[in-house]
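There is one chain below, alone, in C-alpha coordinates, taken in the form predicted on its own.
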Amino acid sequence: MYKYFKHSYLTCFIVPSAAMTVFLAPQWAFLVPVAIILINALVDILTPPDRSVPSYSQHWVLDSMVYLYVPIVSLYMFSLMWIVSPGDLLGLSAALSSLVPVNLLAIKQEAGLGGMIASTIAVGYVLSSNHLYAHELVHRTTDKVAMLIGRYLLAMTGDAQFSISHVYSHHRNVGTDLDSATARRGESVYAFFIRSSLGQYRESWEVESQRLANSGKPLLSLHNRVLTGLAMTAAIYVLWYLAAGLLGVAVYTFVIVLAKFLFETVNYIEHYGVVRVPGSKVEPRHSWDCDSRMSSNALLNLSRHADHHANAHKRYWELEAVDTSLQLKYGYIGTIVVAMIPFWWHRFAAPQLAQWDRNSASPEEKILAKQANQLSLNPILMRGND
(Lines give C-alpha, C1' and ligand atoms only; values in the text may rest on other atoms or scores of the structure.)
Protein backbone atom coordinates (compact mmCIF):
# COMPACT_ATOMS: atom_id res chain seq x y z
CA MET A 1 0.00 0.00 0.00
CA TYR A 2 2.87 2.40 0.73
CA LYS A 3 3.86 2.47 -2.92
CA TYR A 4 0.55 4.17 -3.78
CA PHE A 5 1.14 7.03 -1.36
CA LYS A 6 4.88 7.63 -1.53
CA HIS A 7 4.24 10.47 -3.98
CA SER A 8 1.60 12.15 -1.77
CA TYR A 9 4.13 14.21 0.25
CA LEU A 10 3.01 17.62 -1.03
CA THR A 11 -0.69 16.91 -1.53
CA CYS A 12 -1.41 15.21 1.77
CA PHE A 13 1.13 16.75 4.15
CA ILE A 14 3.14 19.80 3.12
CA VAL A 15 0.52 22.04 1.47
CA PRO A 16 -2.26 21.39 4.03
CA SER A 17 0.22 22.00 6.86
CA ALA A 18 1.46 25.15 5.16
CA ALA A 19 -2.11 26.48 4.80
CA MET A 20 -2.83 25.81 8.48
CA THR A 21 0.38 27.65 9.41
CA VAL A 22 -0.65 30.75 7.46
CA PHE A 23 -4.07 30.81 9.13
CA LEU A 24 -2.98 29.95 12.69
CA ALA A 25 0.60 31.29 12.94
CA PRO A 26 1.33 33.54 9.93
CA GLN A 27 4.45 35.07 11.53
CA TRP A 28 6.02 31.58 11.51
CA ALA A 29 5.04 30.70 7.96
CA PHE A 30 8.60 31.31 6.74
CA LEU A 31 9.52 28.07 8.51
CA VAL A 32 7.58 26.14 5.83
CA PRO A 33 10.22 26.58 3.09
CA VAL A 34 12.98 26.12 5.67
CA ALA A 35 11.47 22.80 6.76
CA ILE A 36 10.94 21.64 3.17
CA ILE A 37 14.56 22.40 2.24
CA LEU A 38 16.01 20.70 5.32
CA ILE A 39 13.79 17.62 5.16
CA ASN A 40 14.33 17.07 1.45
CA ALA A 41 18.07 17.66 1.56
CA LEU A 42 18.68 15.49 4.63
CA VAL A 43 16.58 12.57 3.40
CA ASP A 44 18.28 12.70 -0.01
CA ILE A 45 21.73 12.76 1.57
CA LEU A 46 21.16 10.25 4.38
CA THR A 47 19.09 7.57 2.63
CA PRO A 48 19.97 5.24 -0.25
CA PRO A 49 18.66 6.07 -3.74
CA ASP A 50 15.23 4.92 -4.82
CA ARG A 51 15.44 3.37 -8.29
CA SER A 52 12.32 1.25 -7.96
CA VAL A 53 9.54 1.18 -10.54
CA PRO A 54 6.65 -0.54 -8.74
CA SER A 55 3.86 -2.24 -10.61
CA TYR A 56 0.49 -0.56 -10.10
CA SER A 57 -3.00 -1.81 -10.86
CA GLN A 58 -4.98 1.11 -9.40
CA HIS A 59 -3.83 4.06 -11.49
CA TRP A 60 -6.72 6.19 -10.25
CA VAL A 61 -5.09 6.39 -6.82
CA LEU A 62 -1.92 7.83 -8.36
CA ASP A 63 -3.91 10.30 -10.44
CA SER A 64 -5.92 11.36 -7.40
CA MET A 65 -2.71 12.59 -5.76
CA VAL A 66 -2.32 15.01 -8.67
CA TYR A 67 -5.91 16.22 -8.84
CA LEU A 68 -6.33 16.52 -5.06
CA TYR A 69 -3.43 18.98 -5.04
CA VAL A 70 -5.57 21.51 -6.96
CA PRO A 71 -8.18 22.41 -4.31
CA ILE A 72 -5.61 22.19 -1.52
CA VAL A 73 -3.17 24.61 -3.16
CA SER A 74 -6.10 26.91 -4.06
CA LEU A 75 -6.98 27.02 -0.36
CA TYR A 76 -3.34 27.78 0.36
CA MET A 77 -3.38 30.78 -1.96
CA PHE A 78 -6.65 31.91 -0.40
CA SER A 79 -5.02 31.77 3.04
CA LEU A 80 -2.56 34.44 1.90
CA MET A 81 -5.32 36.47 0.27
CA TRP A 82 -7.18 36.43 3.59
CA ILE A 83 -4.07 37.51 5.51
CA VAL A 84 -3.38 40.41 3.12
CA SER A 85 -6.99 41.59 2.91
CA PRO A 86 -8.33 44.17 5.38
CA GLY A 87 -10.77 42.78 7.93
CA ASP A 88 -12.38 39.35 7.82
CA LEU A 89 -12.54 38.37 4.13
CA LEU A 90 -15.76 36.46 3.36
CA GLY A 91 -16.46 36.37 7.12
CA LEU A 92 -14.15 33.39 7.51
CA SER A 93 -13.07 34.12 11.08
CA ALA A 94 -16.61 34.76 12.26
CA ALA A 95 -17.89 31.58 10.67
CA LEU A 96 -15.05 29.49 12.08
CA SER A 97 -15.31 30.94 15.59
CA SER A 98 -18.88 29.67 15.83
CA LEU A 99 -17.56 26.14 15.31
CA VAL A 100 -14.22 26.08 17.14
CA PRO A 101 -12.64 28.35 19.78
CA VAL A 102 -10.21 30.04 17.38
CA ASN A 103 -10.22 33.74 16.53
CA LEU A 104 -8.40 33.94 13.19
CA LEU A 105 -8.92 37.70 12.95
CA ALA A 106 -7.16 38.30 16.28
CA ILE A 107 -4.27 36.04 15.17
CA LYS A 108 -4.01 37.96 11.89
CA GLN A 109 -4.00 41.37 13.61
CA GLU A 110 -1.37 40.26 16.11
CA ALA A 111 0.88 38.90 13.35
CA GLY A 112 0.81 42.24 11.54
CA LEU A 113 3.21 43.11 8.72
CA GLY A 114 5.71 40.45 9.73
CA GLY A 115 3.07 37.75 9.38
CA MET A 116 2.09 39.05 5.96
CA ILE A 117 5.69 39.04 4.69
CA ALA A 118 6.43 35.58 6.11
CA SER A 119 3.24 34.18 4.59
CA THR A 120 3.95 35.75 1.21
CA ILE A 121 7.38 34.14 1.03
CA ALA A 122 6.00 30.77 2.13
CA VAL A 123 3.17 30.79 -0.41
CA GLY A 124 5.45 31.90 -3.24
CA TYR A 125 7.84 29.08 -2.40
CA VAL A 126 5.20 26.35 -2.27
CA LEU A 127 3.32 27.55 -5.36
CA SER A 128 6.42 26.76 -7.42
CA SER A 129 5.15 23.17 -7.05
CA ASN A 130 2.23 24.11 -9.31
CA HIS A 131 4.57 23.64 -12.25
CA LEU A 132 5.39 20.16 -11.01
CA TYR A 133 1.77 18.99 -11.01
CA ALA A 134 0.86 20.94 -14.12
CA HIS A 135 3.83 19.38 -15.91
CA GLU A 136 2.29 15.96 -15.38
CA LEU A 137 -1.11 17.13 -16.62
CA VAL A 138 -0.21 19.21 -19.68
CA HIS A 139 1.67 16.29 -21.20
CA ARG A 140 -1.73 14.57 -21.46
CA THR A 141 -2.52 16.61 -24.55
CA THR A 142 -5.57 14.55 -25.58
CA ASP A 143 -7.23 14.85 -22.16
CA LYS A 144 -9.15 18.15 -22.12
CA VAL A 145 -9.82 18.02 -18.37
CA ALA A 146 -6.16 17.41 -17.53
CA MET A 147 -5.09 20.22 -19.86
CA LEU A 148 -7.60 22.69 -18.36
CA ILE A 149 -6.60 21.90 -14.77
CA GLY A 150 -2.90 21.96 -15.65
CA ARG A 151 -3.28 25.37 -17.28
CA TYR A 152 -5.18 26.65 -14.23
CA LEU A 153 -2.30 25.61 -11.96
CA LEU A 154 0.12 27.38 -14.28
CA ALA A 155 -2.08 30.46 -14.53
CA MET A 156 -1.94 30.76 -10.73
CA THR A 157 1.79 31.46 -11.16
CA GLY A 158 1.38 33.61 -14.29
CA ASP A 159 2.83 30.92 -16.53
CA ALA A 160 0.04 29.22 -18.49
CA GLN A 161 2.21 29.50 -21.61
CA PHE A 162 4.36 26.68 -20.17
CA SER A 163 1.75 24.22 -21.42
CA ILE A 164 2.72 25.27 -24.94
CA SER A 165 6.44 26.06 -24.84
CA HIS A 166 7.33 23.02 -22.77
CA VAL A 167 5.42 20.39 -24.72
CA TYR A 168 5.82 21.73 -28.26
CA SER A 169 9.15 23.59 -28.14
CA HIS A 170 11.31 22.46 -25.21
CA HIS A 171 10.86 18.74 -25.85
CA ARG A 172 11.65 19.22 -29.53
CA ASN A 173 14.59 21.60 -29.15
CA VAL A 174 16.18 20.66 -25.81
CA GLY A 175 19.96 21.01 -25.79
CA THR A 176 20.02 23.37 -28.79
CA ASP A 177 20.21 27.13 -29.14
CA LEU A 178 16.56 27.04 -30.21
CA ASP A 179 15.50 26.10 -26.68
CA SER A 180 15.17 28.90 -24.15
CA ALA A 181 14.81 26.40 -21.30
CA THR A 182 18.28 24.87 -21.79
CA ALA A 183 20.87 26.70 -19.68
CA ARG A 184 24.08 27.61 -21.51
CA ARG A 185 27.51 26.68 -20.17
CA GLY A 186 28.83 29.42 -17.90
CA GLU A 187 25.38 31.03 -17.53
CA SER A 188 24.21 31.83 -14.00
CA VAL A 189 20.76 30.82 -12.83
CA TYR A 190 19.86 34.51 -12.49
CA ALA A 191 20.69 35.35 -16.11
CA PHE A 192 18.97 32.13 -17.18
CA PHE A 193 15.78 33.05 -15.30
CA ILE A 194 15.34 36.22 -17.35
CA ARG A 195 16.38 34.74 -20.71
CA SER A 196 14.37 31.55 -20.27
CA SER A 197 11.20 33.25 -19.00
CA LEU A 198 11.08 35.74 -21.88
CA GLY A 199 12.18 33.16 -24.42
CA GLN A 200 9.45 30.69 -23.47
CA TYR A 201 6.77 33.30 -24.07
CA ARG A 202 8.30 34.02 -27.48
CA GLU A 203 8.33 30.30 -28.29
CA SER A 204 4.73 29.87 -27.17
CA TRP A 205 3.64 32.77 -29.35
CA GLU A 206 5.46 31.30 -32.34
CA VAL A 207 3.87 27.87 -31.78
CA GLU A 208 0.40 29.40 -31.52
CA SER A 209 0.96 31.64 -34.54
CA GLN A 210 1.85 28.61 -36.67
CA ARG A 211 -0.96 26.45 -35.26
CA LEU A 212 -3.64 29.08 -35.83
CA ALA A 213 -2.33 29.94 -39.30
CA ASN A 214 -2.50 26.26 -40.27
CA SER A 215 -6.09 26.02 -39.02
CA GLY A 216 -7.18 29.31 -40.59
CA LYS A 217 -8.05 30.92 -37.26
CA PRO A 218 -7.19 34.51 -36.25
CA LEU A 219 -4.15 35.03 -34.06
CA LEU A 220 -5.76 37.68 -31.89
CA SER A 221 -8.71 35.63 -30.70
CA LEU A 222 -9.85 33.29 -27.96
CA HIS A 223 -8.35 30.45 -30.00
CA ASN A 224 -4.89 31.72 -28.98
CA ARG A 225 -3.85 29.74 -25.89
CA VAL A 226 -1.20 32.31 -24.95
CA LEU A 227 -3.90 34.97 -24.68
CA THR A 228 -6.40 32.76 -22.86
CA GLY A 229 -3.65 31.78 -20.41
CA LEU A 230 -2.90 35.43 -19.71
CA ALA A 231 -6.63 36.04 -19.29
CA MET A 232 -6.80 33.29 -16.65
CA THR A 233 -4.00 34.99 -14.69
CA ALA A 234 -5.69 38.38 -15.16
CA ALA A 235 -8.88 36.96 -13.65
CA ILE A 236 -6.93 35.83 -10.58
CA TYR A 237 -5.40 39.31 -10.35
CA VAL A 238 -8.94 40.75 -10.31
CA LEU A 239 -9.80 38.51 -7.36
CA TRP A 240 -6.70 39.73 -5.52
CA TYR A 241 -7.59 43.34 -6.23
CA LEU A 242 -11.18 42.88 -5.03
CA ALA A 243 -9.92 41.16 -1.86
CA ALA A 244 -6.98 43.38 -0.97
CA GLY A 245 -6.64 46.28 -3.39
CA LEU A 246 -3.29 47.36 -4.76
CA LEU A 247 -1.48 45.71 -1.85
CA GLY A 248 -3.02 42.41 -2.91
CA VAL A 249 -1.87 42.99 -6.51
CA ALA A 250 1.69 43.68 -5.29
CA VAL A 251 1.74 40.62 -3.03
CA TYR A 252 0.40 38.35 -5.76
CA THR A 253 3.00 39.68 -8.20
CA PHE A 254 5.77 38.79 -5.73
CA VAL A 255 4.30 35.30 -5.34
CA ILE A 256 4.29 34.82 -9.13
CA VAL A 257 7.89 35.98 -9.54
CA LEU A 258 9.20 33.86 -6.66
CA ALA A 259 7.32 30.73 -7.79
CA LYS A 260 8.48 31.20 -11.40
CA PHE A 261 12.10 31.79 -10.35
CA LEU A 262 12.17 28.63 -8.25
CA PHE A 263 10.79 26.52 -11.06
CA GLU A 264 13.16 28.04 -13.60
CA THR A 265 15.95 26.97 -11.25
CA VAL A 266 14.65 23.43 -11.76
CA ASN A 267 14.79 23.95 -15.53
CA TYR A 268 18.32 25.25 -15.08
CA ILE A 269 19.68 22.16 -13.34
CA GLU A 270 17.87 19.67 -15.58
CA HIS A 271 19.71 20.49 -18.82
CA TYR A 272 22.54 22.84 -17.87
CA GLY A 273 25.29 22.85 -20.48
CA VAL A 274 23.89 20.00 -22.58
CA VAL A 275 24.38 20.32 -26.34
CA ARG A 276 22.57 18.47 -29.10
CA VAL A 277 22.51 18.70 -32.88
CA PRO A 278 19.15 20.22 -33.93
CA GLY A 279 16.87 17.56 -35.37
CA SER A 280 18.79 14.64 -33.86
CA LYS A 281 17.10 12.17 -31.53
CA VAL A 282 16.64 13.26 -27.92
CA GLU A 283 18.32 10.63 -25.74
CA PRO A 284 18.64 10.14 -21.96
CA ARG A 285 22.18 11.56 -22.10
CA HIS A 286 20.72 14.98 -22.96
CA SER A 287 19.42 15.51 -19.41
CA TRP A 288 20.81 15.58 -15.91
CA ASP A 289 19.29 12.74 -13.89
CA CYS A 290 18.80 12.10 -10.18
CA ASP A 291 17.88 8.93 -8.30
CA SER A 292 17.78 10.44 -4.79
CA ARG A 293 14.89 9.08 -2.74
CA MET A 294 13.14 12.25 -1.60
CA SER A 295 13.58 13.99 -4.95
CA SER A 296 11.92 11.04 -6.66
CA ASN A 297 9.11 10.52 -4.18
CA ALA A 298 8.22 14.13 -3.41
CA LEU A 299 8.48 15.50 -6.96
CA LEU A 300 6.43 12.95 -8.90
CA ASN A 301 9.61 11.41 -10.33
CA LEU A 302 10.50 14.67 -12.08
CA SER A 303 14.06 13.88 -11.01
CA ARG A 304 14.01 10.96 -13.46
CA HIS A 305 14.23 13.56 -16.15
CA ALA A 306 16.41 11.67 -18.60
CA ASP A 307 13.73 9.01 -19.05
CA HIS A 308 11.01 11.66 -19.24
CA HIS A 309 12.68 13.34 -22.23
CA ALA A 310 13.41 10.05 -23.94
CA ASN A 311 9.84 8.81 -23.29
CA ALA A 312 7.59 11.82 -22.78
CA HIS A 313 4.46 9.67 -23.05
CA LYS A 314 5.15 7.93 -19.73
CA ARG A 315 3.08 8.80 -16.66
CA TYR A 316 5.07 9.88 -13.62
CA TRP A 317 4.85 6.50 -11.89
CA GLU A 318 6.33 4.74 -14.94
CA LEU A 319 9.56 6.74 -15.15
CA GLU A 320 12.90 5.02 -14.50
CA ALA A 321 16.21 6.25 -13.12
CA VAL A 322 18.91 6.29 -15.80
CA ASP A 323 22.68 5.95 -15.44
CA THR A 324 24.00 8.99 -17.30
CA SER A 325 27.22 11.00 -17.10
CA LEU A 326 25.26 13.92 -15.62
CA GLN A 327 24.01 13.19 -12.10
CA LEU A 328 22.52 15.56 -9.50
CA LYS A 329 24.08 13.79 -6.54
CA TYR A 330 22.76 16.25 -3.93
CA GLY A 331 19.13 15.66 -4.89
CA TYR A 332 16.91 18.34 -6.44
CA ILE A 333 16.45 20.61 -3.42
CA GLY A 334 20.12 20.43 -2.47
CA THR A 335 21.19 21.09 -6.05
CA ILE A 336 18.86 24.10 -6.31
CA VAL A 337 20.66 25.62 -3.32
CA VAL A 338 24.00 24.93 -5.03
CA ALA A 339 22.74 26.50 -8.28
CA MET A 340 21.92 29.74 -6.49
CA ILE A 341 25.61 30.17 -5.66
CA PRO A 342 27.18 30.43 -9.15
CA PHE A 343 30.77 29.76 -8.03
CA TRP A 344 29.71 26.59 -6.23
CA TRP A 345 27.46 25.49 -9.09
CA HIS A 346 30.11 25.83 -11.78
CA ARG A 347 32.62 23.88 -9.69
CA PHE A 348 29.98 21.15 -9.32
CA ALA A 349 28.79 21.04 -12.92
CA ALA A 350 31.92 21.67 -14.99
CA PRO A 351 33.77 18.40 -14.23
CA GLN A 352 30.68 16.36 -15.11
CA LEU A 353 30.20 18.26 -18.35
CA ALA A 354 33.85 17.72 -19.24
CA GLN A 355 33.33 14.00 -18.66
CA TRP A 356 30.14 14.10 -20.75
CA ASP A 357 32.09 15.73 -23.59
CA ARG A 358 34.68 12.95 -23.53
CA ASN A 359 32.45 9.92 -23.03
CA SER A 360 28.86 10.71 -24.03
CA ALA A 361 28.87 13.35 -26.76
CA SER A 362 28.57 12.33 -30.40
CA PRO A 363 31.31 13.56 -32.80
CA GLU A 364 29.06 16.42 -33.92
CA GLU A 365 28.21 17.28 -30.31
CA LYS A 366 31.90 17.36 -29.38
CA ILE A 367 32.29 20.23 -31.84
CA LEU A 368 29.32 22.07 -30.32
CA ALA A 369 30.64 21.38 -26.82
CA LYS A 370 34.05 22.78 -27.69
CA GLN A 371 32.43 26.00 -28.91
CA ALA A 372 30.22 26.19 -25.79
CA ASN A 373 33.25 25.63 -23.54
CA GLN A 374 35.09 28.51 -25.15
CA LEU A 375 32.12 30.83 -24.68
CA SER A 376 31.60 29.71 -21.06
CA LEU A 377 34.92 31.20 -19.87
CA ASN A 378 34.99 28.39 -17.31
CA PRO A 379 38.63 27.28 -16.78
CA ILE A 380 37.68 23.62 -16.21
CA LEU A 381 35.67 23.45 -19.41
CA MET A 382 38.16 25.47 -21.43
CA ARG A 383 40.94 23.09 -20.38
CA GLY A 384 38.88 20.29 -21.87
CA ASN A 385 39.38 21.91 -25.26
CA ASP A 386 43.16 21.55 -25.05
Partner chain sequence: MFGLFQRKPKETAKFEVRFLPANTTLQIEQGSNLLEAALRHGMPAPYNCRVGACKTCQIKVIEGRPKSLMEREYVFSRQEIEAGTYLACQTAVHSDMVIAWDNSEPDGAAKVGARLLEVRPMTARIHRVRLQLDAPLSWRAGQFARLQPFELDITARSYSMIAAGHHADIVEFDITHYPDGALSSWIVDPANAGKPLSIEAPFGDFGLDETGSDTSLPLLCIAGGSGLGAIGGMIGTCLDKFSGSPTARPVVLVYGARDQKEIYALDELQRRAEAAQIPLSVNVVLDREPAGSSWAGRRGYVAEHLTDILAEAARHNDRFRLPASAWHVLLCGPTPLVDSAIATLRQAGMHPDQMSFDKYEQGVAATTAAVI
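Numbering follows the first chain given and starts at 1. On a predicted model such as this, the values are computed, not experimentally measured, just so you know.
One more form of this protein exists, namely the form predicted in complex with the partner chain; it is left out here, but the text below deals with it.
Legend entry - Which of 248-256, 120-128, 191-199, 277-285 lines the interface with the partner chain in the model of the complex (heavy atom within 4.5 Å): One stretch meets the cut-off, namely 277-285.
Legend entry - Proximity to the partner chain in the model of the complex, single hit among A312, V102, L239, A231 (heavy atom within 4.5 Å): Partner contact (heavy atom, 4.5 Å) among the options: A312.
Legend entry - Of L89, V167, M116, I107, the one that lies within 4.5 Å of the partner chain in the model of the complex (heavy atoms): Flagged contact: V167.
Inset, instruction - Determine whether any heavy atom of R225 comes within 4.5 Å of a heavy atom of the partner chain in the model of the complex, and answer yes or no. - result: Yes.
Inset, instruction - Tell me, yes or no, whether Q210 is in contact with the partner chain in the model of the complex, where a contact means a heavy atom of each within 4.5 Å. - result: Close contact exists here: in the model of the complex, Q210 approaches the partner chain to within 4.5 Å, heavy atoms only.
Inset, instruction - Could you confirm whether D50 comes within 4.5 Å of the partner chain in the model of the complex, counting heavy atoms only? - result: Contact with the partner chain, no.
Legend entry - 4.5 angstroms heavy atom contact with the partner chain in the model of the complex for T141: Answer yes; at least one heavy atom of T141 falls within 4.5 Å of the partner chain in the model of the complex.
Inset, instruction - Just give me the residues of 214-235, first to last, that have a heavy atom within 4.5 Å of the partner chain in the model of the complex. - result: In sequence order, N214, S215, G216, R225 come within 4.5 Å of the partner.
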